[in-house]
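What follows is a single chain, given as structure tokens, in the form predicted alone.
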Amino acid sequence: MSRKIKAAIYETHGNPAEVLRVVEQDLLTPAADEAVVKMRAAPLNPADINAIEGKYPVKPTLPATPGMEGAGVVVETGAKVTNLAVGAQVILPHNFGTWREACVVRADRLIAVPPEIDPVQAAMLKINPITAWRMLHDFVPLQRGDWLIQNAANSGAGRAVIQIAKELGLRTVNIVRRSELVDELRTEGADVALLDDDNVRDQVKESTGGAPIRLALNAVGGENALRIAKTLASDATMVTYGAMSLQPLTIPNGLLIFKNLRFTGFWVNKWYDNATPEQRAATFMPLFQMAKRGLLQTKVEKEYRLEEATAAVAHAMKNRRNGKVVFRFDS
């Protein structure tokens, strides 16, 4: 392949539509333990936007190429690479910088993906589905038929929770802030979908028959999260993994004293840092199987070419989107 590639870079933090640009770079020759991956697809995630703005906790050395997840095909391998063959579809390492046509990366950091999975879907398996899977397994021991509740249910992670919970036999209460999403999520498998308001507690109780809810997933914060916390059973856990409202979560003392609720957080970056290769593989395996069967799908609103990076990031920053914005590279 050509040793020249195009890559998106930013040299200073700021408005992504203003500071991001696409440049031509040299593609390095792989070392003995490296592989060359030709990119197929890379999503534009909120964390990518935050990183360009300078608001993300992880600060890369500038100039930097954005892109925390993506998928591609191995087109060349170093002499000592034995775990991957040319032609294999792979997921790129976490926080690698995927908004580029091709890259050179250590082969043992790549995750092979079944070829049956569409590249665009493969590119989005590493953050939201992993987040959903780990939150459903790491905090409360849930059994088939148990209920959980979440806000931001229409987000990428929220929809992954619905899909994975359905496969695990769990039942979901899904809180949204736009009325048109209620029927949409029910169609997609939500057991209960409700519009967020001051009556949520009573509506949840009626919809679930008063069943105990021991797990809540919070990506909003503020009053929305407090209303959800009030639906929980004693000794339940709320896991916070986002803060879309930009408002803090304020907990009345009574919820701690009399209901013994537990409040904790989850950040997928930290999970990747701490997980062994075996733990990562064990988490990806069921997600791959679901994706192959069409049971785990991320909605895509629009695909862009890398050369359209400015328009793509502007689109990704819009509110009320109905799916992901994705870079799609030539096959």
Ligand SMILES: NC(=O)c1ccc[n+]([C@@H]2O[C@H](COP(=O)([O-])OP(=O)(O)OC[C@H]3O[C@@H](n4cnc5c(N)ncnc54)[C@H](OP(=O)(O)O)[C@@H]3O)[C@@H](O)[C@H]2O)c1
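All values reported here derive from a predicted model rather than from experimental measurement. Heads up: residue numbers just count along the shown sequence, starting at 1.
We do not show the form predicted together with this ligand, though everything after this point is about it.
Every member of the trio Asn45, Asn154 and Arg177 reaches this ligand in the predicted bound form with some non-hydrogen atom inside 4.5 Å. Note on the partner interface in the predicted bound form: the residue among Gln163, Gln89, Thr131, Asn95 having a heavy atom within 4.5 angstroms of this ligand is Thr131. When this ligand is considered in the predicted bound form, only one residue from Cys103, Ile149, Val220, Ala122 comes within 4.5 Å through any heavy atom, namely Val220.
Put simply, Leu27 is far from this ligand in the predicted bound form: not one heavy atom of it is within 4.5 Å. Remark: His13 does not count among the residues lining this ligand in the predicted bound form, judged by a heavy atom distance of 4.5 Å or less.
The shortest heavy atom separation between Ile127 and this ligand in the predicted bound form is within 4.5 Å. Contact annotation for Gln203: none of its heavy atoms lies within 4.5 Å of this ligand in the predicted bound form.
Residues within 4.5 angstroms of this ligand in the predicted bound form, judged by any non-hydrogen atom, belong to 262-270 and to none of the other stretches in 262-270, 58-66, 27-35, 284-292.
Of the residues in 294-325, those that come within 4.5 Å of this ligand in the predicted bound form through at least one heavy atom are, in sequence order, Asn319, Arg320, Arg321, Lys324.
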